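In structure tokens, the next block holds one chain alone, the form predicted on its own.
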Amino acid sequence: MALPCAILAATQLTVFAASSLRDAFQELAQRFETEHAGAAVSFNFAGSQELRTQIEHGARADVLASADERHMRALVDADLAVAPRTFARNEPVIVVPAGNPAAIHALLDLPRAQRIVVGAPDVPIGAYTLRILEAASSRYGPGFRAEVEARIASRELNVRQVLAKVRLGEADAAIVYRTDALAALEAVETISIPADLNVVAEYPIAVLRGGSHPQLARAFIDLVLSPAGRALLGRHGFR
């Protein structure tokens, strides 16, 4: 259905999105702008916790796509986001620099690394990492988590910053999403985490209260949830 002319005349749709969505959403935006003449999509990519804080402090945006349900639920409870829907799933993996200098081949080997980078605890990838380490300690021994945490060199505010440390050779290993590992191409090597110790990251998307273009926001979400949107997300490694 064609949108009313007043909506088509809108110059900017503002989308707040988790850092791990950068590549997929930028490609989606190109398709959206082609299908909605006169609309331009402007992104703010950051950690989901940072996006939530900005919205709670009055930042104006039309759409939020989060890398976890916790931060989205807080905004719904505050009546700042409306009827979120899960549109994608992701999974954490270990990444190491090309050549794997620390010889890490499995989650069990992670304590071999001298410098590990993870997300901060309130960042979705950081929270997922803590859950993985806790589960791993039940298999590999109660000291496993402590050994890994003793080698953490930094805790970053979004997953792309975590990935960048490995790509720049500033870390021997890190935990990021599979989609980020794919985006890094040959700069990193990917090591899967055992499924029974891993977690599934759920990505919800919602219209935000107070946005300038609610109808256009719903159209963007419809594209994300459409077969074409799902196919594009799948090409970027999302489930």
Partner chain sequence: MTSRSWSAVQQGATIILVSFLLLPVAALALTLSWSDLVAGARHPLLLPALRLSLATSTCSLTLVVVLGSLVAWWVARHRGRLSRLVESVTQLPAVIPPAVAGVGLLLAFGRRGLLGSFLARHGLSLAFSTPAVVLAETFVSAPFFIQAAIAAFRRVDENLLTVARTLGASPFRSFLRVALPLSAPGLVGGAAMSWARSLGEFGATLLFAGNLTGRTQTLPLAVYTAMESDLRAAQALALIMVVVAFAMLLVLRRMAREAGDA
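Residue numbers count along the first chain shown, from 1. The shown structure was predicted, so the numbers you read here are calculated from the model rather than taken from an experiment.
Separately, the form predicted in complex with the partner chain exists; it is not shown, and the next lines address it.
Comparing 131 to 139, 104 to 112, 81 to 89, 144 to 152 against the partner chain in the predicted bound form, the single stretch with non-hydrogen atoms within 4.5 angstroms of it is 144 to 152. When contacts are judged by a 4.5 Å heavy atom cut-off, residue 157 counts as touching the partner chain in the predicted bound form. None of the heavy atoms of residue 175 is located within 4.5 Å of the partner chain in the predicted bound form. At the 4.5 Å threshold, heavy atoms of residue 50 reach the partner chain in the predicted bound form. Shown alone here, residue 73 lies farther than 4.5 Å from the partner chain in the predicted bound form, counting heavy atoms only. Highlighted residues 161, 168 and 171: every one comes within 4.5 Å of the partner chain in the predicted bound form, counting any heavy atom. Residues of 187 to 226 that come within 4.5 Å of the partner chain in the predicted bound form, judged by any heavy atom, do not exist; none qualify.
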